[in-house]
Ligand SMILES: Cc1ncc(COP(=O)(O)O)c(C=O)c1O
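One chain comes next, on its own, written out as structure tokens in the form predicted on its own.
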């Protein structure tokens, strides 16, 4: 028998109807005006960041990785809650600057930055995370053309990886960063370029629910940063050790033990402060800050019975929420937490498969899940949808209209 999903307690239920931001789902749907839509709850995001502030080292800088959810209203709210932003494109850079985050607290990472993106980043005054020796030379040329000294950090591809990560981004051959053994030579070249060296960026992986693995990777990142800093032209002022904090999506997964992470990170942070007191330690989080704050809502259009199996056909699907369909990194498809949002605990129950309106068998939001019996007009809710939802989905597929987004 399949293990159950971890309990979802982030939203209350009133009269069997889910609530977000003090608004019942049925009323929220009327307020939005149509389905499908994404809804993100402000209070949950604020509480999550307050929780982090309460347990993590006081001098740790928490950055929000905008790629997790770049909704402008959400990013603008984040600008008041976190210490900085991390962006991965010129478009995200514009969103970050429009939100009012000071450029000195924005970093720009990612391979394949275009010359126009480099010019925008240098002109804005953000920190460029250099992904290669060639990008370092291009950044220096851009700075010379603009009459400015680019602020840069080197993204390092370490030999180690983040164990048990849902997505590994370091160790071995990678398109991300500069192999650790090449960094000393790169730093020697950097000495002769008009670049303002800030420090290093290491991002080993994402979606990890193992506190032990995260703590080990953080310790190794700091130790590597300190070794590489011995070759730097100026003292290391910045060390971004990435994030990787996961949230439970699938049956059998349990929430990350944040207290254990905080304990290990405290030890690591103290070691860094003793060895390099001028270094600002940055934790880069995206999913962990916003994923559980959001839901995706679509409406049941039809009940269909085929060979004894119940299908709930909805007006939403993989074109809006690719991750929930299982096609955003899953090797074996597993169900996100799904419920009938206006019949949260209602009887009778049934086993049903939730599908969308697309002409492909891949368009599935829930496969043979126990749900309250739903009728046309009821609302299907996909939880854990605040990160990597709308902007990570092929919204143009088959020409259906995109979903709306609201922050409540």
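Residue numbers count along the first chain shown, from 1. None of the values given here were measured: they were computed from a predicted structure.
There is another form of the same protein, the form predicted in complex with the ligand; it is not shown, and what comes next is about it.
From the list 144-152, 98-106, 198-206, 120-128, the contact stretch for the ligand in the predicted complex under a 4.5 Å heavy atom rule is 198-206. 65 is the sole member of 39, 354, 65, 382 with a non-hydrogen atom lying within 4.5 angstroms of the ligand in the predicted complex. Interface residue among 315, 284, 135, 92, judged by heavy atoms within 4.5 Å of the ligand in the predicted complex: 284. Contact annotation for 69-101: a single residue, 86, has a non-hydrogen atom within 4.5 angstroms of the ligand in the predicted complex.
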